[in-house]
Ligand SMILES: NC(=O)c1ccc[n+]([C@@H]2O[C@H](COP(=O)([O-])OP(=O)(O)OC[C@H]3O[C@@H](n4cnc5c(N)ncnc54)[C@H](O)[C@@H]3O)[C@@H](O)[C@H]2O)c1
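Single chain ahead, written as structure tokens, the form predicted on its own.
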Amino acid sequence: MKIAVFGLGYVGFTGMCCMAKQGHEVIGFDVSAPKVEAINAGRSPITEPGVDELLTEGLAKGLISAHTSIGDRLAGCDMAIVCVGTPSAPDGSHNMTYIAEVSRQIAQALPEGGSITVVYRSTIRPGSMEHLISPIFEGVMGARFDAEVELVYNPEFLREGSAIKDYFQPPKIVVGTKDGSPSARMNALNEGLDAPIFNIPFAESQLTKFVDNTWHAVKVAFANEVGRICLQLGLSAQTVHEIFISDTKLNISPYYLRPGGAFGGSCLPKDVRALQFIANDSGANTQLINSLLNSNEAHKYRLFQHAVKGLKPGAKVLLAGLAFKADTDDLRESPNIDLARNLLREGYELSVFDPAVEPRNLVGANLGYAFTTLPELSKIFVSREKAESMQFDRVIVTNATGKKITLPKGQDVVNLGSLA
């Protein structure tokens, strides 16, 4: 293909060199004349292992050229890839000035009667494709826009220092389109790359990059807070880290990263509190760890709001699942106990069922917690027969039921067990 790249910074320049390696003809555009001159002279504007060789090879084959102005150079282009910066504005949002300006320039430069896929790799917030970029193209091109332009959002996942390897061996390929349908030209661009491909609507594809980068920040901050605790206590952070990352069943697990119910049970809340105490007592100042319980409480209340949305107090509600997880009768610090209390407090006619719980069989600390926090438990708990035969205004399914309940057809069901 013939591909135009707008913005020859780290992402744009590396991508240009890699696409030329794939055999595509790539023309690059940047507002910096010295950068453009350096590229055309075979000098890389960035320091990155392997790009010098790819640049030299691409220039020798006539597959790479760089320019400061668009002119009529988009004629015959199959694809335009936007990699301009989206720096932070004073309020923390992205400054979209460069995105808006380059979109306008591309729209004005497109020859009539052509067909092009315009791909955005810059990090932009959900809604930008629909409410900023599309209107710019439509305003400039009119009816031509829908007929001649395919818009795509394709976040990049290049790490500095291993960007070329990451380009040819990506962890995943995310392709966002208006309706989530695959893009033929994106398929051609990604041909030969071995990675899972997600063809999804614009908004989800745009949020992906924020989620990834914020999660990386959480991991670094969490690891450093643990490191501070180890330093304060005279422990080996290296040893603790080695043990932690060896566990790919629990510690590095998609199960614990699935949006759904709040955490609870006999271990997580108490151990987080204890680690907070240890950190504060030793002077480690662990703000991320200190925020976990507050975040969990906020999630509990948001799930309650979600569960009763559109439901008036006095309605008949079945809470299916009371323990903190499936296949256990452990009610200690279960977020579903908190949910039941909120439902009762707000005036809903509540019934509770859990396939693993029998109130009269509870013992010890589990018994004490259950009847201290939810003294109405024996009165509101119903048998499987009633839970599966009665009609309710709403059934709230939690993570504790698994798939061990069969509800009559037509029930209004809200599933809190997984928001994914």
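Don't overthink the numbering: it's just position in the shown sequence, from 1. Just so it is clear, the structure is predicted and the values come from calculations on it, not from any experiment.
The same protein also has a form predicted in complex with this ligand, omitted here; what follows describes it.
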**OP:** Report yes if any heavy atom of Ser32 sits within 4.5 Å of a heavy atom of this ligand in the predicted bound form; otherwise report no.
**Re:** yes
**OP:** Classify Ser205 as contacting or not contacting this ligand in the predicted bound form by the rule of any non-hydrogen atom within 4.5 angstroms, answering yes or no.
**Re:** no
Original post:
Glu160 near this ligand in the predicted bound form, any heavy atom under 4.5 Å?
Top reply: yes
Original post:
Does this ligand come within 4.5 Å of any heavy atom of Ala4 in the predicted bound form?
Top reply: no
Original post:
Which residue among Asp78, Glu150, Glu333, Glu156 has a heavy atom within 4.5 angstroms of this ligand in the predicted bound form?
Top reply: Glu156
Original post:
Just one of Asn190, Asn296, Gln105, Ser183 has a heavy atom within 4.5 angstroms of this ligand in the predicted bound form, so which one?
Top reply: Gln105
**OP:** Given that the partner is absent here, state which listed stretch (214-222, 132-140, 248-256, 119-127) has heavy atoms within 4.5 Å of this ligand in the predicted bound form.
**Re:** 119-127
Original post:
Since the partner is left out here, which residues of 180-197 would have a heavy atom within 4.5 Å of this ligand in the predicted bound form?
Top reply: none
